[in-house]
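This document starts with one chain, in the form predicted on its own, laid out as structure tokens.
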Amino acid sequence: MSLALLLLACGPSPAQDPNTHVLVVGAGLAGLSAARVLHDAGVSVTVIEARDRIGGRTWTADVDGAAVDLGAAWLHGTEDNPVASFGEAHGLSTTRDNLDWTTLYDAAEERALGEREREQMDQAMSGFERDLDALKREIGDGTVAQARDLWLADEGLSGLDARLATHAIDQWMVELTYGSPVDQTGMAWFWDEEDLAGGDHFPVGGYGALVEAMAEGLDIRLSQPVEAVAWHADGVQLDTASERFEGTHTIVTVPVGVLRAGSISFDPALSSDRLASLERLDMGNLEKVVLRFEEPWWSGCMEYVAADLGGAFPEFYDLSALAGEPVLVGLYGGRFAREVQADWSDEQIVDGALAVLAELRGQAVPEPVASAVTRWTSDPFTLGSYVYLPPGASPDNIEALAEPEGDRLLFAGEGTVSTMYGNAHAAVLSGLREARRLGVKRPQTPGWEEL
């Protein structure tokens, strides 16, 4: 038991003390879930948010009448998922991900591929996954890129077969999943996270309705980036550029990227274990380009196998049915996302996506009537999409981030859940964890009573 938990166990819990006032830094899913549970238990809570909106890395935007999630979009599993259970209890529904994939295109051979080639990619992914344990023993603390090269050689794959297998491993398993460059993703703990059962779903109308329901009735202060956190025996003090907030406890829920950057100063300084863990971890980069068209000139979702294997706009999702208007969303991650964010303007990103679509479909592509480009990589309040493990990092480093500092300073966020990091449900679970740490043993919030 940590010192903070031991101290809490020795007397009345903070949740039972009428003088308790918890300051929650960040109005993303982690911060809102912690604040929601504490508020519903009768605890005084103030949420301090840097942005002019709530939701953090969830953001349902209106792109010329189309409702599109620019951040988290899926529920990965619905069984024992606190996001799904909260939504169900609040009358919010989900729909199964039954997206139809109609086009697979190989840029090297400049032609569309068929169902047999897509099955090859599925088989390559399954084969690589099957051999993970053996590859980990051989690669040790190396990268997934090294393991992929070894596996391709062992399988004797070349030409188109190797390109398809590489795309499946690099994109499906790494860069579109972790958001990390395949040559910077550690192999030792790769693909070890827990999966929730029930399949992938979308929240109907986007994550925005869930976020609004979590935030209802909470005291949330917007446009207040926290610059300094100080804590002492009697309480905590948070400073923004324009205001000072005082309370008895604080839960810091900012992303790992923000903590790594030192954007918030802490007094006393953070522990050496936490700082060492932050140094070992990193943030993946997963970005989107949203294209809203006047008419749906395509059918289904599309996969683009880049000639240089660089991950240039590898997938386009047809989200028209969900968005309510003709919409394609291009998804890209890893090295390409980092390079795009650093070097390309929004206009160049849109033009690049349209060029790939024209090549994919073999036809002229109309100009979109509206578009949106995400910038999570350079956003000062995220500095990335979600945490991943480079070589040298382990789940122990994520566990270290979940530990409180003393009995006043607590932490939450997807990057503090070692078994499910990178997921929306991990963020919510971390918020519930910290509410329990403060003494809320059985949440009163509908949907979370049993969690």
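The first residue of the shown sequence is 1; numbering continues from there. Source: prediction; values computed, not measured.
A second form of this protein, the form predicted together with a small molecule, is not displayed here; the remarks below concern that form.
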Any non-hydrogen atom of Val25 within 4.5 angstroms of the small molecule in the predicted complex = yes
inquiry  = How about Ser418 - does it come within 4.5 Å of the small molecule in the predicted complex, if we only consider non-hydrogen atoms?
reply    = no
ask   = Would Asn423 show up as a contact with the small molecule in the predicted complex if we use heavy atoms at 4.5 Å?
value = yes
query = Hey, in the predicted complex, does Thr60 get a heavy atom within 4.5 angstroms of the small molecule?
reply = no
query = Taking Ala50, Gln224 and Ile264 as a possible spot, do all three reach the small molecule in the predicted complex with a heavy atom inside 4.5 Å?
reply = yes
ask   = 374-382, 337-345, 144-152, 112-120: which one contacts the small molecule in the predicted complex at 4.5 Å, heavy atom to heavy atom?
value = 374-382
request  = Heavy atom within 4.5 Å of the small molecule in the predicted complex: which of Leu286, Ala353, Val327, Ile251 fits that? Just give me the one.
outcome  = Leu286
ask   = So which of Gly206, Gly186, Gly71, Pro82 gets a non-hydrogen atom within 4.5 Å of the small molecule in the predicted complex?
value = Gly71
